[in-house]
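Only one chain is included here, represented as structure tokens and corresponding to the form predicted on its own.
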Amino acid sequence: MSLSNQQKKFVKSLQLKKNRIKYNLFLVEGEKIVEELLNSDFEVVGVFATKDWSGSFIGSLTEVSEQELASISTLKTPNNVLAVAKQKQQQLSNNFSKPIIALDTIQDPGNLGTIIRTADWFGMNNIVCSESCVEMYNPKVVQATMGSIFRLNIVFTSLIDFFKENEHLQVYGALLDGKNCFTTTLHSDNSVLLMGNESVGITPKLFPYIHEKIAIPKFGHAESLNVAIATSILCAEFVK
């Protein structure tokens, strides 16, 4: 069965946030990430794949040509398969043995996706995003996670409300005037690592909820660190 004009129009519509919200669906592309999706508990609505796709799917599977796949893909170089999956409402797990990562107004899709992938690497289960963060089902976010998005608990909420409801958690805020993270004892249990916006850092209204400020010391001349890189360094310090 080839790709119909109706299918093409519908799949392409999911490249827009308003339509992902309207239909409660999102796109997953590439063999590695689609494999992760199919092994997860996310519901898969349909799969569009070329004859070279090595995977299998018991459900709505449409074989498409490379040209047809390119016509519905968000990638410059599509990789054999694209899937449509249902979004799901998530909640944090109650395993707080490793820090919860809290993200304040992270707006770059690549950064959010990389942070999700980083959290997965270090075995962190929970991410709390402010409502002003980029949408987690943005195709660029999904792509950057390389499948980690299907293994973590990621919620979007007011960070102020979250901190008020979880006063027992130790909040570490990444700030330029913080203590050297390499010489500070960081406690993983029942803690939160709060990371701020790429340009302006943590919103001042969140300062009252920070128990300890931490920073990555600067040894060279770069003006700043990418927030995803900074998160990776701090995650490594928490688990070492």
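As the structure is a computational prediction, the values presented were derived from the model and not from experiment. Residue indices: 1-based, along the sequence shown.
If you look for the form predicted together with another copy of the chain, you will not find it shown, but the lines that follow are about it.
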Is every one of K12, V47 and G55 in contact with another copy of the chain in the predicted complex, taking contact as a heavy atom within 4.5 Å?
-> no
Hey, of 189-197, 206-214, 176-184, 65-73, which bit sits against another copy of the chain in the predicted complex at 4.5 Å between non-hydrogen atoms?
-> 176-184
Does any heavy atom of N24 come within 4.5 Å of a heavy atom of another copy of the chain in the predicted complex?
-> no
Any of the heavy atoms of F122 lying within 4.5 Å of another copy of the chain in the predicted complex?
-> yes
Using heavy atoms and a 4.5 Å limit, would one call N226 a contact residue for another copy of the chain in the predicted complex?
-> yes
Should S130 be counted as a contact of another copy of the chain in the predicted complex, where contact means heavy atoms within 4.5 Å?
-> no
Of the residues spanning 131-154, the ones with some heavy atom within 4.5 Å of another copy of the chain in the predicted complex are K140, S148, R151
